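Look below for two forms of one protein chain, each set out as structure tokens: first structure 1, then structure 2.
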Structure 1
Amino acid sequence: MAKNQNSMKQHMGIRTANAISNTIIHILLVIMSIIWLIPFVCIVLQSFRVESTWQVGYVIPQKWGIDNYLNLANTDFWKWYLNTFIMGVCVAILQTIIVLCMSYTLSRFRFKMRKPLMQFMLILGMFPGMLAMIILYRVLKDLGLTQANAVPGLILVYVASSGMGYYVSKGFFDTIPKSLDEAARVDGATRAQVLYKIIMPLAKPIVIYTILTAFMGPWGDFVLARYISFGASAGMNVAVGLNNWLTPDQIGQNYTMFCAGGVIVAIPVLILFMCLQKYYVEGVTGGAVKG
């Protein structure tokens, strides 16, 4: 009896300890959520501020309005937006094809040059990619694909070197049992048929993951886009264009407009991402586990 009571007491003790720690964690999570959301709340609020266009030390606008959004039409913003959108779509299609070709081959085929090829690409990846920009700029300039015509040039550069990023999807293909391929091969399918009829339907999550990340790439790329579009507004993407509004000489007139532009850029990407979040999480987790 006494023993039983004792264990009850202990049990209760664990339960209250648990309840306390859960409460603390809940409080921590709420605080964290606030910290993580503050910048986004601020940027939305500031985009509706119309009493001044420069940076201020308060968050809630004194006068509300949508002037900042309307004013975007008087700038090159929508041109940049279109540029980025075109790049996003083209890169999403082409890069996905290339990455899948690469990762599928390296995961499934055993050929003589496979290991050396992978080692070579590992070493190649240790060079800062930025180094290549200087020559790419000169070469693209000779081809007439810089400045105002930067969009096709940028697509070319993004897509051409995308084969290097095969790790995540290779990890995924590695998890599909090889016995499936072999069974189909025994039944007389060619290697190409195995890919289209057996592997592709199974690889839907990784295809979506690759498309999603490829599409988001041009929206966030800053350095290459800035280099290739060098000073020509017509060839910029949103990142380069909006960044120009925050230079010391422009921030006074354009700060609230930057906020409005940022909100418009973020919304479609955000919606797309939230819809496909499941696949993204799968890809990120798998990629880290398999290296």
Structure 2
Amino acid sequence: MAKNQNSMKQHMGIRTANAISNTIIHILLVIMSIIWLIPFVCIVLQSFRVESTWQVGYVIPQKWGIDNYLNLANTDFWKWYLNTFIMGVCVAILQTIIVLCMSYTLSRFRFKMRKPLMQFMLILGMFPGMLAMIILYRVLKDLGLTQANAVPGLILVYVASSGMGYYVSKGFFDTIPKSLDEAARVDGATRAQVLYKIIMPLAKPIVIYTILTAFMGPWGDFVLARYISFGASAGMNVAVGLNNWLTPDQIGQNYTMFCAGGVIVAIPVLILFMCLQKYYVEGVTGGAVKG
């Protein structure tokens, strides 16, 4: 009887300790979420402020309206937005095809120099892309793909090294049994048919993960886009264009429009992640099982 009472006390003590630790963790997460969301809330509130266009010392607008959103039509914002959307869609399609084909090849085929190739791409990917920015600009300039024509040039750069991003996708393909490939090959399917008709439906999470990451690259890029498209509004993306509104001579007239533009830029990404969050998480966790 005494043993049962002691075990019950121990069990209740463990439950109490777990409840306290979970409560502390949830409180910390709530605090971190509030801190993380404060800048975004401030930007949204400032985008609806119409009593003035410059920076002020308060957050909640004194006068509300959608003038800042309407005034974006009188600027090059929608041109920048279209440029960014075109780059995002093109890179998402091309990069996804290249990454998935490369990942499937490295996962299923065994050929000479396979491991050295994977190691070489892994090591090469450790070097920051900024090291090649000068030569990239010179090459694109010689091809006439800078400044006003920067959109196709940036797409070319974003897609060029896509194959080196095979790590997560290959790990996911490694979790799919090779017996499915062998059974399909016995039935007369080609390698391409095995990939697109059998493997791809099973790899839906990693496909969506690859599309999202490929789309996010050009959508939020600033450094390379500014370096390639400087001085020509027609070739800028939204990040570069909106940053020009923060210069000392323009911030006074365009600060609230900058906030409105930032909100519009965030909406597509927010919708994509809310709708595809499940597949995104499955793709990340599934690709991390094997290397």
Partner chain sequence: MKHYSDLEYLKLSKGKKLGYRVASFFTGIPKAIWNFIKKIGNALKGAGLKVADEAKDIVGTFIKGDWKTKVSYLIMGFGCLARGQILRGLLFLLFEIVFVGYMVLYGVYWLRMLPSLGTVGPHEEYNEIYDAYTTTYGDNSFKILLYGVLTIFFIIAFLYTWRVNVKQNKLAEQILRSGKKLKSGKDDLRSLVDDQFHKTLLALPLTGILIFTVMPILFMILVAFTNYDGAHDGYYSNLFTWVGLKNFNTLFSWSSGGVNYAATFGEILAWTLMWAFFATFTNYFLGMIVAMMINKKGIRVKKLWRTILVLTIAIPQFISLLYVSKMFAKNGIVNGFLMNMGWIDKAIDFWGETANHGLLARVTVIVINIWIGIPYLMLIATGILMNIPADLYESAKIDGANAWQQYTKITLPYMLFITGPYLLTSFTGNMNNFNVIYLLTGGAPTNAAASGAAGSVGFTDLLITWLFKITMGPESQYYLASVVGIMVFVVIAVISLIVYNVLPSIKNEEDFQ
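Only a predicted model underlies this, so the values are computations on that prediction, with no experimental measurement involved. We call the rigid core whatever largest set of C-alpha positions still superposes within 1.5 Å between the two forms. Residues are numbered by position in structure 1's sequence, first residue being 1.
Note on provenance: structure 2 matches the form predicted alone.
Ile271 shows a C-alpha shift below 2 Å between structure 1 and structure 2 [criterion: core-superposed Cα displacement of 2 Å]. Positional change of Ser33 between structure 1 and structure 2 reaches 2 Å or more at the C-alpha, relative to the superposed core. The rigid core superposition between structure 1 and structure 2 gives a CA shift for Ile24 of 4.4 Å. The two forms, fitted on their core, place the C-alpha of Val194 2.4 Å apart, compared between structure 1 and structure 2.
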